[in-house]
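Heads up, the chain below is alone and in the form predicted alone; it's given as structure tokens.
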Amino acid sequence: MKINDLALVIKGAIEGDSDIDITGLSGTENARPGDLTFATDDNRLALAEKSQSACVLTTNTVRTSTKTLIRVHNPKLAFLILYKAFYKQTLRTPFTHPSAVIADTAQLGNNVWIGPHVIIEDKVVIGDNTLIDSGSVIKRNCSIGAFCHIYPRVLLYENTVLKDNVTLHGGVVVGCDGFGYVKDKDVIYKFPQLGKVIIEEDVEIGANTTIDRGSLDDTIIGARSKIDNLCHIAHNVKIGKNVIMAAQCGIAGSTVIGDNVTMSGQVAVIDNVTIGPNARIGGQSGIIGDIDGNAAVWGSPARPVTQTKRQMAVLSWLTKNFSLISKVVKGGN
């Protein structure tokens, strides 16, 4: 595609030769002749200029360049749009590997692809153009929408519901029993886990993440949310839409997370709290109470970011000046 044609797709402004043919898209440092890449600042643009790239997507504020530029508001988003236009996804032809075991009562849509050693149990429903990779197990009464991708060795327990365009990476476990027990004297009784897990449209779950079924209510992951590797979502948790959760977060039971919340890595949340919409939570934070919408918190226990930074500064100063403070206190006595 010509640079001029690409710019029309993303409504970008061209600086340089608009008649160059673009033959591929790539990262900043490894771009080849004919490639388009992107740079969000002057430093990244300098790297792109050292590469063999033919064109660079960049912002309206980055400096001019000897390379042909396409200026847009959000280069990364524009790069994504062009990537999808450049490499249009081709539908797989329907396929079932001979080693797969599929119950007679399972219902498979059109163009479903099933890899080696997959097990699909009774009354499972799978939508059109869904791909289930090798070694995955789909237990009875599960419902999987269209255009889903189940990577190798994923396990869906009974009654799990995946809406359309859900991606589960390798080792994900959805619908196992929650950690629910009742203790009476020296005896621990298991509480019934009767709910299910519902994962809404366009959700992506990272490798080896586990999501527990609800105890009495359902566990719900809202549409377009993205959950990283090695996270744990406990029973009855309700996660809103467009939530971003980085690796190794742990969310305890019956927590409610509002829309558009961003959680950095290793955040721990106790049970039965509510995190309001648009909240931002810093890495390794410990959430021990409700968080207001639009709040930015950090620390363990989590506090407003400005307060946490101030406390850390004071503690650092006290540590550095401990000897002097001790002498003053002793002199005062």
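Take the two forms, superpose them, and find the largest set of C-alpha atoms that agree within 1.5 Å; that set is the rigid core. For every residue, the number given is its place in the sequence shown, counted from 1. Model, not experiment: these values are computed from the prediction.
Note that the form predicted in complex with another copy of the chain isn't included here; everything after this is about it.
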Out of 289-297, 61-69, 28-36, 48-56, where are the residues with a heavy atom within 4.5 Å of another copy of the chain in the model of the complex? 28-36
Exercise: V314 in contact with another copy of the chain in the model of the complex, heavy atom 4.5 Å: yes
Quick check on N74: any heavy atom within 4.5 Å of another copy of the chain in the model of the complex? yes
P277: touches another copy of the chain in the model of the complex, heavy atom cutoff 4.5 angstroms: no
When the contact criterion is heavy atoms within 4.5 Å, does P304 count as touching another copy of the chain in the model of the complex? no
Heavy atom within 4.5 Å of another copy of the chain in the model of the complex, from candidates I114, M245, I221, I257, belongs to M245
Another copy of the chain in the model of the complex has a heavy atom of only one listed residue within 4.5 Å, and of V197, C231, I144, I239 that residue is C231
Members of 149-177 lying within 4.5 angstroms of another copy of the chain, judged by heavy atom, in the model of the complex: Y151, P152, R153, V154, L155, Y157, H169, G170, G171, V172, V173, C176, D177
So with the core overlaid, does the Cα of R280 end up 2 Å or more away between this form and the one not shown? no
Given a core-based superposition, decide whether the C-alpha of D292 shifts by 2 Å or more between this form and the one not shown. no
C-alpha of T28 off by 2 Å or more between this form and the one not shown on rigid core: yes
